[in-house]
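Next up: just one chain, as structure tokens, the form predicted on its own.
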Amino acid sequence: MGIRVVNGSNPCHAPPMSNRENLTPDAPWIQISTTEADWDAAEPSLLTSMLSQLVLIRTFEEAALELAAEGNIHGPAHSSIGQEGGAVGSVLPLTSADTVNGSHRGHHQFVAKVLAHVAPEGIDPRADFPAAVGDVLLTTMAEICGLDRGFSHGRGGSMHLQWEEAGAIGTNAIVGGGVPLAAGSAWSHKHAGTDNVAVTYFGDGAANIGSTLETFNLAAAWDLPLCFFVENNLYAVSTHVSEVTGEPRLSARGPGFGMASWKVDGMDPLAVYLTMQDALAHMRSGKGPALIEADVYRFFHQNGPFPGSAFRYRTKEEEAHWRSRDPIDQVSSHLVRRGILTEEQVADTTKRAKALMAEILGELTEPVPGGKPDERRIKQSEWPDPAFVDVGVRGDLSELEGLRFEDEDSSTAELAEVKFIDAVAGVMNRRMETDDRIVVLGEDIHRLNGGTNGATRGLKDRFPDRILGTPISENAFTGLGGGMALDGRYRPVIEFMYADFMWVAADQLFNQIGKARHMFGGDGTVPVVLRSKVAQGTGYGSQHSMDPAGVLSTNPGWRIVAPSTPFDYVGLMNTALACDDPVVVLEHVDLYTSTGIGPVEDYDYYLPVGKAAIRRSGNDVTIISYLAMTQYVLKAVEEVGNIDAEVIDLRWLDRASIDWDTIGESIRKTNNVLIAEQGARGTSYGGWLADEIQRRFFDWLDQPVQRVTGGEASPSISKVLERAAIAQDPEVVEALRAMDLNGTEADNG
């Protein structure tokens, strides 16, 4: 008898039954809400302080919107009216030593933090506001208006508020941009042996940003005392959170990263306070980061004094629902219910707060001459001096005074032929031995006997807590390093395996670290070193072979060094590590395996900022180069033979550190210039340098500045195509032979 087949299956061979088990994350996910009993148990002083902060923040923001409507605030005014409950409830449990940063919508968090700092015992809503409260609100409003008496002399404005003394380490205009920086602050708290924490505030939009998610992972992996505080106000400008994520409960992301998470009604300041107390107990006990999602609602549009319904992405009914849950009304109703305050006292608190804000605006503004009776403008005396515009892009280098500066021809160190990579590892070993503030972080630096090239050889064994092997997340660990530097207790050294990776971390390099010193007034320091490998000629192709010097030199704030010998590497790295500005140290792979003159044991000398080296003296043409290309230039000059070239190795590449004295003296002697570099033409360093030379020394030039660069395309994997894409000594030879050194321009292609 045949086998009967039913629906294509064989009844004698039933499919196996798979075991299925629902998995649950190890990290808790908790929702907290208050009862009337919680309100009854709350200390009266806590509730009165809440009310004072809420009212002061609300009236402060209303005053800012007034100024904005009058045109007296230049740029946006992102009000947080309606969202004050999350800020006040989360800040009151903190100390001044705990640090916070936030986003472009950060007035409420900043004001809450600075008020808690100047009035740590709380603010009694029944009494006149202390003078310190008025002073700090005046300084904050001045900053938002862009005025000289602001915290950053008006440079930061509404979106970049910082007062480090109060633990307010800076709000941020880049969505998610401040999150990695807060991780650096948290790392510093932990490594210093304190129980302080960092809190980073951001919105539902930033919850989808790569830098935020990368930092979730890094903070959880390293057990950092960092609270990710998500203000879920439902809208990223006009886009509802449900449109852009499959799980609009954003706190659900925490357990997926191994983080304890809480969800709370952010319109209830007491519920937020109790939630933050839970999170602080978790973080201060060393259990790692926490995520809090507070459901809040901004009563106005993304920017300005109009409701979202005016732009038709919200309904008036939705807005009315949320307004009925105003955090000020919630706190005041319980104060009145418990008999702590009367309705008249609550009303008087608001009245006095409005009077204080009117006084502050009166301090900053004056009537418009010939204008309407109520028309006002910023007092002319309040504006910063226009001459202040570039002050503080970099420091004055006074931190380098008293160091032992010497060059190779005057060195007191014992010198010999040494391997370049040994100089790299040797100087880092010495500096970490003598300066416990130095911390190194990057991918694989703690493995492989010193990373992929041996630059950190032996350091993990000697300094296990200061060699940090990171996840593959350049944006996060670069920002974390930037946060360490801004904290001031540590000097981070960030390693990129390849220079191309700077594009992955571009926000942190250029918008954050590079701009921080200037943006926040010019007085702070940002002592971070970035070691970036230039790998042309290694066969790693288009995405691992760029020379970043040209791009870096166009971005303010960074100093750039380019060592070409072991001796220079030691001296330049020492100076970079002593500098209070961010410094990029470029390292070319061609040099790692090379040998040259360097120190045998003495790694304690420094090379001065802004001093180039003349590698060969000559009278016919000045050749300017840097990094490995310098050696190719010297080889080319020897090959040509009949041209007496002077070869200048720049060493320092940033605009503030170029050695114009050495360059100018050479040009006045030779009257001809050739700039030689390996990198691609489009991102070339020599482009701006040639322009600057021709403007500075035009009368001394017998012909336009000539240039040798790589091709237009990035180097390819093919050995032949890669070589065709970069410049070496043959290209320099060709350029020299094409130049008319008797004063006539030559076409060198």
Partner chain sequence: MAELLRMPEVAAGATSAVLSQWPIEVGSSFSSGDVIAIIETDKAVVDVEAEADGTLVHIVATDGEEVAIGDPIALIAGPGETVEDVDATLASLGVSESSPATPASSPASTDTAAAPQAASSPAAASAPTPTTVDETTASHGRLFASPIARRLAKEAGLALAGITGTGPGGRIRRRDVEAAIASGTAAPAQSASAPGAPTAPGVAAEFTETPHSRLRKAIATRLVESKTTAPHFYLRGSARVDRLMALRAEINEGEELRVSVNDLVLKAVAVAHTRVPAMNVIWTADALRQFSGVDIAVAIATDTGLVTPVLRGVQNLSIRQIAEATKDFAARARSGGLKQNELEGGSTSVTNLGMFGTEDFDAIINPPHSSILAVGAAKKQPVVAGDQIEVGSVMKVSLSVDHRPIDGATAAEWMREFTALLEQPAKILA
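Every value quoted in this text rests on a predicted model; they were computed, and no experiment measured them. Residue numbers count along the first chain shown, from 1.
Heads up, the form predicted in complex with its partner chain isn't pictured, but that's what we're talking about next.
4.5 angstroms heavy atom contact with its partner chain in the model of the complex for W688: W688: no contact with its partner chain in the model of the complex.
is_contact(W700, its partner chain) in the model of the complex, heavy atom dist at most 4.5 Å: Because a heavy atom of W700 falls inside 4.5 Å of its partner chain in the model of the complex, the answer is yes.
Contact label in the model of the complex: N672 to its partner chain, heavy atom within 4.5 Å: Yes, N672 sits close enough to its partner chain in the model of the complex that at least one of its heavy atoms falls within 4.5 Å.
Non-hydrogen atom contact P28 with its partner chain in the model of the complex at 4.5 angstroms: Heavy-atom contact with its partner chain at 4.5 Å: absent for P28.
Segment assignment from 570 to 578, 204 to 212, 663 to 671, 389 to 397: heavy atom within 4.5 Å of its partner chain in the model of the complex: Of the options, only 663 to 671 has residues within 4.5 Å of the partner.
4.5 Å heavy atom contact with its partner chain in the model of the complex for all of P704, A738 and L741: Checking in the model of the complex: P704, A738 and L741 are all within 4.5 Å of its partner chain.
Interface residue in the model of the complex among S553, Q277, N619, S594, criterion: non-hydrogen atom within 4.5 angstroms of its partner chain: Exactly one listed residue reaches within 4.5 Å, namely N619.
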